[in-house]
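The chain below stands alone, shown as structure tokens; this is the form predicted alone.
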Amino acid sequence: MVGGDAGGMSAASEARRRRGPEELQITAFERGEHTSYSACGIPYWIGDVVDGPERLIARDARTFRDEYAIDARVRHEVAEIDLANREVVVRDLDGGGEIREPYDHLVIATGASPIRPDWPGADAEGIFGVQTLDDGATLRAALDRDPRPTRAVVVGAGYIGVEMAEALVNRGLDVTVVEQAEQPMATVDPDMGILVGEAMRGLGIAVRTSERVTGFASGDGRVTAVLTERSEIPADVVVLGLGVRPNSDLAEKAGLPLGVAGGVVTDLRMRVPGHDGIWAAGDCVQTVNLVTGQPTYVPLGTHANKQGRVAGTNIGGGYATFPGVVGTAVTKVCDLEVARTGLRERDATAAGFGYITVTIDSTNRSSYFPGSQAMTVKLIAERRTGRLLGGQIVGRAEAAKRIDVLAVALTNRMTVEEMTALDLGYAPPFSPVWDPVLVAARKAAQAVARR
């Protein structure tokens, strides 16, 4: 296993479950300090919402060795894949030296790295990408240094940017978020992103949209400001929230095929085509968008765990496939929940769909029940057939997980008319008699019929 987090260790664990140590020797190499941890929990650790880093680790290397007979070696970096000799070249980052490790099956689960544009001054101290537990520890140390930083700038307002902005506010910093798009959270349409921006500003975050970063200023080697096309924003700490790129350099150097965004290409069983015994899983691979049928790159821990399990099942002698994703994701800003699945308007346009959109306002519970709060649901449906293409939800308590209903509908290629008859649960503490998802589906079905 090349990589010791979700994809690699899910594959290792599933293969071990199917084949004992006497049948299959499993070795996992991880260049960082930790195995099997929740990267999604890092912003909440930074913001002192949860303890860490130990609480974020599901299983450490010793547990894998002692309880699962998986030889997990941290601080070991695979530097080369030798396809001809079926070996990997491994560097011991602490002890020094290199070894050559033979393999019958090789799982590439190298994950992803934060995008770090080649802007002037980007190498200054105090600029952080946050993708791994080690990244989180480095940022925590910077926030705890003396004198403590008081001003933070987050570049990019996607999932990690929004979550890190809230975490830094919780730590008592003055926070500015700079986003070149017209609204934060470009993973939803701009009309829904407006709601996210309002919530961020209500939290005390300065949100600057439609503004492009051009570089960084520094003094004595430390970042002092973020430079944009409009102004200079003082900063003691900068966090990059510009997304990630797949760590596929190792695969590329070995001559393995790369696809969308540089992700490693696999088949449905997570095998690399044309290379017997080579598998890949997690944030380093491309996958299939089940709505469009086209290749896509969606790096999420949920997918990594499933893909790793599929690879491990097949290595262990079973049969499993990973068909693809519909692009479901959720996050929160303070108490505002944000969810999306399927296509946004620009995705539907790019894919060539004719479509209609509807947006409805409803509540999470019956309006008379205590705790009832507003929720906005947006649906995108194909113009002629009424097939659901995507959905977005923004609201308070109990809003985000309603996206799962839309994800199931998308996976099963349901029309919005079919969705109106879904037998969803109802009681006043849980929803209005017409759940917001059903109200939106009914409105969408009417719009399709008018067309």
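Throughout, we count residues from 1 along the sequence that is shown. In this text the structure is predicted, and so the values were computed from the model without any measurement.
There is also a form predicted in complex with another copy of the chain; it is not shown, and the following applies to it.
- For the options Arg208, His76, His303, Arg171, the residue carrying a heavy atom within 4.5 angstroms of another copy of the chain in the predicted bound form is His303.
- A heavy atom within 4.5 Å of another copy of the chain in the predicted bound form is found for one listed residue only; from Arg140, His275, Arg151, Lys332, this is Lys332.
- Another copy of the chain in the predicted bound form comes within 4.5 Å of a heavy atom belonging to Tyr426.
- Another copy of the chain is not shown here, and in the predicted bound form it never comes within 4.5 Å of any heavy atom of Leu24.
- With a 4.5 Å cutoff on heavy atoms, Met414 counts as touching another copy of the chain in the predicted bound form.
- When another copy of the chain is considered in the predicted bound form, Tyr44 lines it closely, a heavy atom lying within 4.5 Å.
- Although another copy of the chain is omitted here, in the predicted bound form all of Arg309, Pro370 and Val433 have a heavy atom within 4.5 Å of it.
- Checking 378-386, 394-402, 63-71, 26-34 against another copy of the chain in the predicted bound form, the stretch whose residues place heavy atoms within 4.5 Å of it is 394-402.
- Taking another copy of the chain as positioned in the predicted bound form, the residues of 33-52 that bring a heavy atom within 4.5 Å of it are, in sequence order, Ser38, Cys40, Gly41, Tyr44, Val49, Val50.
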